[in-house]
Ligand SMILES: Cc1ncc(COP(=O)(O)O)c(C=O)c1O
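Single chain ahead, by itself, as structure tokens, in the form predicted on its own.
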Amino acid sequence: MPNPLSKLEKINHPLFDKYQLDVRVKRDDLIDNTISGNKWRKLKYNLKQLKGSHYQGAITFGGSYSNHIHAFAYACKQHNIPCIGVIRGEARYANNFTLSWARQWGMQCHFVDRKTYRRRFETDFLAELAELYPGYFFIPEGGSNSLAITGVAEIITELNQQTEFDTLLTPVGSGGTIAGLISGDSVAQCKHHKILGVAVLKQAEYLIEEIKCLLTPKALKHNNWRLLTDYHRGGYAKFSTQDIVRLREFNQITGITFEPVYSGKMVLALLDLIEQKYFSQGERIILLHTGGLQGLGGMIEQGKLSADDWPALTYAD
């Protein structure tokens, strides 16, 4: 996977003018139509390892509407790698928006109930899967492993080539993206930056230790980051009607589509933080657009969003 330099785009909004803030978006959502954002970054070196090894295929984990599952399936198809998705949920989800594409691209779905899915980090469960699928390379949920950290860290290198900035915001699900950003910033030759992660699920304090587990000893000493856990809007994949109205308005003003599960929660947190006078006058802020726009298809399918208000999504076969 070649490494395209995703563009940096300045955006305008009345709140930015009011509080004299410079806000730009790192458009990782534009890296690839299907494998966009942090999923592209996380899979880059995992795929390189797979292609240069003796593995028979790859296996990973995710929910039935998972961005990671969707991107992983397409990436494996592009590189002719057999793949298995261990899916949290019943087989009736096999034909939903996300999994129908994953299956079309060749993914074999292995459905498990929620109790079983909680065992996804347990050695004995992984051994059971390894016996079922011998010779397969395991990639954790969300793609968050040491190879992913290396890929995400390259964002900092790119940003330092593109601009000077003070603060970088990112949505946080499994913790791999923010861990990669912290790692990249810890070794950067330029000045270090504040990194703010917006947790998209409730009771996410446990992620702090998970993030630390993904960091090198040098990055662990880099204490310039913070995980914000009060901006989840009710929990994972939850949002209010008011949240959708605010986000849709922001999308219209900026001309950029942010979805409400990940990048949209980062945007709404930014607006709240600005109103709370969290940032200093003149602060230069970067928003990392981590993609995830395929998730709109599932939310429209479930009736959580209106197809009239969100862009239609199509993907290559």
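When you see a residue number, it is the position in the sequence shown, counting from 1. These numbers were taken from a predicted model, which means no experiment stands behind them.
What comes next is about the form predicted in complex with this ligand, which is not displayed.
For the chain shown alone, residue 174 is a contact residue for this ligand in the predicted bound form, at least one non-hydrogen atom being within 4.5 angstroms.
Taking non-hydrogen atoms only, residue 291 approaches this ligand to within 4.5 angstroms in the predicted bound form. By the criterion of a heavy atom within 4.5 Å, residue 183 is excluded from the residues contacting this ligand in the predicted bound form. Residue 39 belongs to the set of residues with a heavy atom inside 4.5 Å of this ligand in the predicted bound form. Here the chain stands alone, but in the predicted bound form its contact with this ligand, taken as any heavy atom within 4.5 Å, falls in 39-47 among 244-252, 52-60, 277-285, 39-47. Counting a residue when any of its non-hydrogen atoms is within 4.5 Å of this ligand in the predicted bound form, the one hit in 247-265 is 262.
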